[in-house]
Every structure is written in structure tokens, then in C-alpha cells.
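Starting off, we have a lone chain in the form predicted on its own, written out as C-alpha cells.
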Amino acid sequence: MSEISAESSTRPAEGGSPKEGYDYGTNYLEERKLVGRWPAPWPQIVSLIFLAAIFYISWWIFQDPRGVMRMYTPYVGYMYTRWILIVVIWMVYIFDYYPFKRKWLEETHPALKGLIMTAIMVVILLVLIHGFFFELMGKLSMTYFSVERTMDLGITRFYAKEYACLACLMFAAIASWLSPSWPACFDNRPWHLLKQPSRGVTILVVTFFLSTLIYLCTMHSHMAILYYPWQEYCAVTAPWWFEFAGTVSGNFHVSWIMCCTVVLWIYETIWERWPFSEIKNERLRGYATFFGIVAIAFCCHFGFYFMQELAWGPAIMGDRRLWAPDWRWLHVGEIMVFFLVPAMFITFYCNNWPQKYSKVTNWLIRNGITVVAGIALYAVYYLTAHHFLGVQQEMSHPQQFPMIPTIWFINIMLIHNWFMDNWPGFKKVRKEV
């Protein structure tokens, strides 16, 4: 462990570089090298304490039902949590820090850099949610995106707001999978040679369009059946997945989409893009990676559902909570996110330890650590979270959504690593040429 340096790279440098002379933050993540300020494991311990402190303070201010803003209603807080993740991914993965110059990224103090980029993220977040979804989409297209218009139809403010936020976060669930998929699977091809912001705008438009198509085919019908009577003239109110999934709920799709998202990021982090990186043909590698991730995700999707059947018995259509098919599909996604937290910590703060064995051996050890740590985190959360997060104690309680605190913590890790270069536990050094 003494050799851990947390050299950050969530994407290989090959294949995605734009034309020479490009002056913005392209490949900044790949080219920076972070080393601990002290011998291991102190940088990792300091970083974990720093992350935990920021997490708990921010959770108390924004999310905790006993705290200041109390956005954990739960869907209001869930929506913001999801869209923070998307906007951060856009800023770094899609736009490569545009419009910040490389010199500014390298020379600005990490704390100041984190504050500035986080402030920009918040502005984009508010414009997107309140401008695009609530105002534009809600008042000119789909009523359920607008709290005011839904209330005009007789829905109480609480449910009008919860449903609008639910629609936004369901769209975000899809976007959080597809937005990073293009850089991760296809190395931004065929637009990898475009300069920013042309490349970023193109990929954003393409992935946003694909997210919209999937949303309409999966989540729109879910929203239509939340109201009485069911909105059968604007959406399919006998959803096509009902007979297969045992529920009309869109949680069936939340499950496999979350599995796709988590597998994608595990592939980007502890897998270091192996084994698909062994495919030499660029086009074949892109499609094999994308559909390979989807195939692995569907194995998790059905596998974890089956494990619940073994643990608690068969799901009962029309039942509630632990025995309800809709909750069990949701819980599959919740289980998956617990594994993502240790995977990202290993990459961001431990330089994908270990590195000294064969590629396959390193891969297996990292996966083993991630599985054990994910199971431990799962157990600790359900045993203790109700004491310090303000959530409900029961596993299947209608207000128990572990994806909110876990993704909130992941957001903080992304901001800390991508915006702040792991300060204060780590520092940047020049790579040897």
C-alpha cells in the first residue's frame, strides 16, 4: 500500500485526443498525476475523513428531514442528487472542462477551483431543472413536469411536486448511463477530432436525444398511471413490460438502467476498460463495449432479483413493500450502487491498487475488494443510517431510498477528484517524460 499514489485516470489517453494546439482542458484527467502528501495510508484516511465531513454537513443542510432545507421528501432531494451527477459528468466527460484553460486547471488552488466549478454546476443545474423541465417541458409539453399546472388539475401541491421531481429524476437515471457511455465506449467517435465546444455540444445533443427516446418508451407510461384516471390517451397505460415484470411500475427500468450505469463506471474505474480494451478494431471495440456492458448489467438485473426471491420468497403481484415486485426491482438498483462507492474510492484514492501483479490478477483482487466492501456498506447502511441520516429504519419503507445518500456521496467524490484534485490529501506532480 505504500506505493499508492492515486494517479487519476478514468479514461485512457489513447484514441480521444483532439487536434494539436487545443488549449482547453482536454485530457486533463489522463495527464495529471496525483501523489499523496504523506506515506500511505494517511492520504487515503485524510481523504475519507474529508469526504465524510463534507457529506454529512451537506446532507444535513440540503437533505436530512431533520436538517435545514429538508429536500429528502424523498423525490425532491433525489432529483437534485441525480442531476448533480449528470451536470458534473457533462462538465468533465463531455466538455472536458470547457471553457477553462489548461493553465488555469493546473495552477489554480484546488479549493478555489472546486468552489468555482461547483458554483457553475449549481447554476447549470437550476437552469436545467427549473427552466427546461419545469417551465419549458411542463408548460408547453407534458403537464406532469409542471407543479403549477398539475395543481390546477386538482392534485395537491405535495404530490404535484413529487411527481414532477420523479419525472425529472427518471430522465436523469437514463442520462447518467448514456452521457458517459459515448466517451467510455466509443472514445467520442466519430466526433473525437472536433474542438470544444463543438464536440461537447454534439455528444450532449446525441445522448440527450437517445435519453428522451428511452424515457418515452419506459418512464412516460409510468408517469401516466400515477394519476386517476390513468392517462390512457397520452401514454400506454398497460405497459408492455407488465406481464414479464409483474408490475406496471417503471422501477423495472430503473433496475436495469442503474445496473448499466454502475457496470459502466466499474468498467471505467477498477476494470481499467479491460477486457474490451483488448479489441483492436475501434468500431468493433465500441459496439462490443456498449452491448457487453448492457449484457453484464442485465445479468445483474435478473441475478439480484432472483437472489431476493431466494431470500424472501416469491414476489406477490399487487402486494406491498418487501414482497412487491416493483420494490424488488428498485432494490436491485439500490444494491448495485453500494458496489460503486468502493470501486470509485479504489480508483480515485488508491491508484487502482494493486498494480504489481498480472492484469487479470489485479482485476480479480479489485473486484473482490469491491464486492466485500459493497456488502459491508450495504449491511452498515441498513443497520445505522436511520440514526444519522434521518431516513427510515425499515428496508422497504416508502421513504427509504439508499440511492440518494450513496449517489450524494459519489457526487462529492467526483467533485473532490475531478474539480479539486483530491486536495488536501494529495497534490499534483509532473509526470516523468
Partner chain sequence: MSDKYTVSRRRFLEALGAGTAFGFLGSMGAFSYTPLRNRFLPDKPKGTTDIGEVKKLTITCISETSWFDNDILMNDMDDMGGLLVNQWTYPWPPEGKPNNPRGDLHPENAGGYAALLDIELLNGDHKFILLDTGWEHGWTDQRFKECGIDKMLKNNEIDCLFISHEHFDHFWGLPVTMKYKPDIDMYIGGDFYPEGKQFIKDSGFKGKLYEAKSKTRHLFEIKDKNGKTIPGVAGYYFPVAIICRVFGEQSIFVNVKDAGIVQVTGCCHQGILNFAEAAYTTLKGGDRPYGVYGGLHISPFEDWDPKYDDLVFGLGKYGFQKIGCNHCTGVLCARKFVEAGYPVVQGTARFRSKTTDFLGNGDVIEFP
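These figures come from a predicted structure and were not determined experimentally. Numbering follows the first chain given and starts at 1.
Unshown form predicted together with the partner chain; subsequent notes refer to it.
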query: Contact flag, residue 126 vs the partner chain in the predicted bound form, heavy atom cut 4.5 Å; finding: no
query: In the predicted bound form, residue 358 touching the partner chain (heavy atom, 4.5 Å); finding: yes
query: The partner chain contact in the predicted bound form: residue 131, any heavy atom under 4.5 Å; finding: no
query: Close approach of residue 156 to the partner chain in the predicted bound form, 4.5 Å, heavy atom; finding: yes
query: Residue (of 235, 226, 214, 116) lying close to the partner chain in the predicted bound form, criterion heavy atoms within 4.5 Å; finding: 226
query: The unique member of 205, 122, 112, 307 whose heavy atoms fall within 4.5 Å of the partner chain in the predicted bound form; finding: 307
query: Every residue of 296, 364 and 394 near the partner chain in the predicted bound form, heavy atom within 4.5 Å; finding: yes
query: Which of 80 to 88, 344 to 352, 172 to 180, 311 to 319 lines the interface with the partner chain in the predicted bound form (heavy atom within 4.5 Å); finding: 311 to 319
query: In the predicted bound form: members of 326 to 349 within 4.5 Å of the partner chain, any heavy atom; finding: 326, 329
